[in-house]
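Form predicted on its own, single chain, as structure tokens, below.
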Amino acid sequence: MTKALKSFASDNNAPVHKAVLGAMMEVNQGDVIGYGDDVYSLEAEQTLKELFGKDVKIYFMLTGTGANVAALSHITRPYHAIVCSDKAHLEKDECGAPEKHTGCKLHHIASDDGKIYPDQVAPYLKSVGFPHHAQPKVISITQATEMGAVYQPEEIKALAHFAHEHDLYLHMDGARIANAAACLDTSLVEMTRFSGVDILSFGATKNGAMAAEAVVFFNRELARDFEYTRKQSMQLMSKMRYVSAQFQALHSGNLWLENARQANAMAKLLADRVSDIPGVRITQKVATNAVFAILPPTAIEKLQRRYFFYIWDAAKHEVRWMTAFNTTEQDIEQFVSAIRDAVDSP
């Protein structure tokens, strides 16, 4: 078997953290009740409630797309519209699943860094009450964005205030929320519940888990009957203990934060180390674990023979390099050396 290339393509390519895998092995004993009524799932639910508040409603899921689609379909009707960034995972990377399963129209707002603001959402409110147009119902934001940018709590609060003032909901895609929290040095609850978020798609897979996501309802009324939506969305795991054990491993201590800090630190180190290489230009502020850069197309081709990463914008020769919890300083130094060689060689 050929050894895989070292990946800087996505944190999804990283292995499962050994502590998470160990937690799954620990619960792999004997028979327990399925579908989330087991003691391990109840313990994990309580652990997350200690993070977000005792009165929140938590539903464990399997995939990020599944969490997004199930959450959004549950709070919308097919004649509604969802407003998001043009860089959002909903818009770019979910194969039309949000439109198919919610029936809603996606209004995407152009954004360089993936962040959107109330004044950009406001024009879509002209459709309210006009039966020929889809009716705006949800603002969906991503924390951290697909471009690695981070919303400050004040920015989230402004969007939440705007949403609630106009009878809209605020949904947060938190696939990389751990990286955002590590960047801001703030708590998960501060960025979500305390900032006015109604529903969170709570990610763990990109932070060292295997197939572990959750939907967190801060507005309990919105959670009514979600157990049926989850089942219809094919996100109800029968052997739920193996999902909940992953959340327990990450969040019963500070492992989630340690993992995110390591990934962020390695991205910052990578950006710093390539900043003085002629022909390499960083295109986005490096706040979390993503580095976007433009480099000569011949260098990209040479580099991809040794490392796995994605070309983000072929027209601009822009690439995306992602780090993860298992990225080391040695990995960065070797990669930077390869970048130098690729750029310098004729």
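Counting begins at 1, following the sequence as shown. The model shown is predicted, which means the values in this text are computed figures rather than measured ones.
This protein has a second form, the form predicted together with another copy of the chain, left out of what is shown; the following refers to that one.
- Just one of N254, S187, N219, Q232 comes within 4.5 Å of another copy of the chain in the predicted bound form, counting any heavy atom, and that one is Q232.
- For the options D119, E165, D276, D225, the one in contact with another copy of the chain in the predicted bound form, meaning a heavy atom within 4.5 Å, is D225.
- Contact annotation for V69: at least one heavy atom lies within 4.5 Å of another copy of the chain in the predicted bound form.
- A residue is said to contact a partner when one of its heavy atoms sits within 4.5 Å of a partner heavy atom; V16 meets this definition for another copy of the chain in the predicted bound form.
- At a distance threshold of 4.5 angstroms between non-hydrogen atoms, D55 is out of contact with another copy of the chain in the predicted bound form.
- Within this chain, H161 is remote from the site of another copy of the chain in the predicted bound form, having no heavy atom within 4.5 Å.
- In the predicted bound form, no residue of the candidate spot (S244, A271 and V286) has a heavy atom lying within 4.5 Å of another copy of the chain.
- Look at 297-305, 278-286, 31-39, 44-52: in the predicted bound form, residues with non-hydrogen atoms within 4.5 angstroms of another copy of the chain sit in 31-39.
- Residues of 86-103 that come within 4.5 Å of another copy of the chain in the predicted bound form, judged by any heavy atom, are H89, E91, K92, D93, E94, C95, G96, A97, E99, K100, H101, G103 in sequence order.
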